[in-house]
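Have a look below at one chain only, the form predicted alone, in structure tokens format.
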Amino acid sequence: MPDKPKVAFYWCASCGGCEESVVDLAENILAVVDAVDIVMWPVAMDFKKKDVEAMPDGSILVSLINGAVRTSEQEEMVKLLRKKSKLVIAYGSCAHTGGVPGLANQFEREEVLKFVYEDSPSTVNPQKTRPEIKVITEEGTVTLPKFFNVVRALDQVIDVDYYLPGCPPTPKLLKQALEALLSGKMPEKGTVLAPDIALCDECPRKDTKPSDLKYTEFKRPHAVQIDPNLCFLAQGIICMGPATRAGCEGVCISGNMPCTGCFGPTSRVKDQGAKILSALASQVEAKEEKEIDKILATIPDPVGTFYRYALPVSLLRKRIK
């Protein structure tokens, strides 16, 4: 009996939702487990790094790696999995475009550490103690990973074959990707395994989207009563749908919340944040600079709004001081 194809899962800088999405396959996970041999999945099974190191290069059919790369340990592990795998899939927003962890690129490494270990409201650390990369004790040397100055998407560290977007990817897209892998019918390298159309094209509210908008302010979802049948943009609520790839099945829209952009851009968009920002700015009603500034001031966190998931792969990438 021939060996089953080997599959690995690995978790870098992310929240863990992508790991949960594998379980969201529900009964379909039984078919996956029956069809493949999972050789690494630290969150669910007890495999060691040395087990992977002992495998022949290219012996793993595919590694699905979620999370951005923030530390030296994550960098080391993704390079190891790249070496041992025929294919690597950037799984989820953080691996695909940097994700929410990528918002840390607004700050230098020292700023992040100082806030976390000294200045945050919940921190009590009068000695200002911080974790050290290496500490020598009587029992031996204890080491921790190095914390890099920049958060990177997976393909900024290793070669990536495919991308499965979402925060997290939907069970439907994961199932389709696994079926394509096992059948050997994969698209060309570099493909994002989701529809290459804007979310607006499949939005149930698209018929209410006006062709001409005149913004006098931008409203935050928690501060207004949202009409569940009307386009968010028509209500003055920022929705990333025009700049975001479809495939999520509109779960946020169905929950009466605007799209925040987790599926990343379509192939025709170079910079997701710049795309929606230019679209909105062109429809601000005011003409005088002071009035324009007043309207834009109703967006309290522009980076977090327009680059919530994609700052590391944007034209900006990182704040330079």
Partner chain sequence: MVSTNEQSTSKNSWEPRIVAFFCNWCTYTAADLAGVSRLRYSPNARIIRVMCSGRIDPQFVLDAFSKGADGVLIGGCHPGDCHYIEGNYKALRRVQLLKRMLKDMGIEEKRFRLEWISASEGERVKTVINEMTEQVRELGPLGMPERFADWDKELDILEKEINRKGETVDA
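Residue numbers count along the first chain shown, from 1. Note that the structure is predicted; figures quoted are calculated from it, not measured.
Same protein, other form: the form predicted in complex with its partner chain, not shown, and the subject of what follows.
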property: Single option in E202, D227, E76, E111 placed near its partner chain in the model of the complex, where near means a heavy atom within 4.5 Å; result: E76
property: Contact assignment for its partner chain in the model of the complex, among L61, C252, V269, V39, heavy atom within 4.5 Å; result: V269
property: Contact label in the model of the complex: E289 to its partner chain, heavy atom within 4.5 Å; result: yes
property: 4.5 Å heavy atom contact, P302 and its partner chain in the model of the complex; result: yes
property: 4.5 Å heavy atom contact, V52 to its partner chain in the model of the complex; result: no
property: Its partner chain contact in the model of the complex: S278, any heavy atom under 4.5 Å; result: yes
property: Partner-proximal stretch of 151-159, 90-98, 202-210, 241-249 relative to its partner chain in the model of the complex, 4.5 angstroms, heavy atom; result: 151-159
